[in-house]
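This document opens with one chain alone, in structure tokens, the form predicted alone.
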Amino acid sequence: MSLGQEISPELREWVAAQLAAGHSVPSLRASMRAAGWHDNVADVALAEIEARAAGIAAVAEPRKNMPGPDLSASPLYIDVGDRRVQVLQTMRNPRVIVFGDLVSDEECEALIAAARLRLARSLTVETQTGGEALNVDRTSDGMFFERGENAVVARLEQRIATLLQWPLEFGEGLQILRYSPGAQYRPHFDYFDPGEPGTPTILRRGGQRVATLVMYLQEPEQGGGTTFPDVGLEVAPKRGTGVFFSYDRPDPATRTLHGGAPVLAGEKWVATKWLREREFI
């Protein structure tokens, strides 16, 4: 970088805006030179914005290889080795599948008991920085199990991998959440926004998220459904069932906006498994 000249956020925004408005790279380089910017600074700024724009365009292309069960024969049950999972409901756009008898009562109790000792206020991934932060839209308590941390977690992860035909290693650790009365998670997308500055850091661990599986470990007395506002769908949080949905690109066009409706009475416990496009490390 030339002495005394740094590529500021303001310069990046100006370059991006000019490119979006249709101005050519040569004309922008000439304008920056006329304004006193050194050629090497202008070249770096232009290359950076062009590369970012190309990267966003690339990830916006729909993926062809996606997790999910084979429903071509409209099965009522899917054999996953250690149990038969029910197919209760399906939707094509967005791709949503509700599974029954996915988690046994004993497994639900074991996961809750092991998680209870490690609960803390839930965080969300911070796409501005690539880290984690408290979010006022999410008012649950939660924790993460490492992949294969105990026998119940390992068994459930293998079941999910078989059911969804996606490598076990492509899954994040299992997250357990407790929603007390009044707790909720306002509608959001699970993919990482390609336009946020912290997203490249997040993607190094396993690429984009491509699917979500929410499993209900304890049903509340009232409220707490999983909602999909764009399509008017609400899935009741019945114990042992799970709702799976996938998103073939990080774009609102996938119609996977979803949320956890407020719990009105009792407690809701869920286990969430996020699937990445490659091995999660």
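Remember, predicted model here, so these are calculated numbers, not experimental data. For every residue, the number given is its place in the sequence shown, counted from 1.
Omitted here: the form predicted together with pyridine-2,4-dicarboxylic acid. The next part is about that form.
Undergrad: With pyridine-2,4-dicarboxylic acid left out here, work out from 159-167, 105-113, 172-180, 145-153 which stretch has heavy atoms within 4.5 Å of it in the predicted bound form.
TA: It is 172-180 that comes within 4.5 Å of the partner.
Undergrad: Could you tell me if all three of 214, 226 and 272 have a heavy atom no more than 4.5 Å from pyridine-2,4-dicarboxylic acid in the predicted bound form?
TA: The answer is yes: all three residues contact the partner (heavy atom, 4.5 Å cut-off).
Undergrad: So which of 188, 84, 205, 118 gets a non-hydrogen atom within 4.5 Å of pyridine-2,4-dicarboxylic acid in the predicted bound form?
TA: Checking each option against pyridine-2,4-dicarboxylic acid in the predicted bound form, the one that comes within 4.5 Å is 188.
Undergrad: With a cut-off of 4.5 Å between heavy atoms, is residue 262 one of the residues that contacts pyridine-2,4-dicarboxylic acid in the predicted bound form?
TA: Contact with pyridine-2,4-dicarboxylic acid, no.
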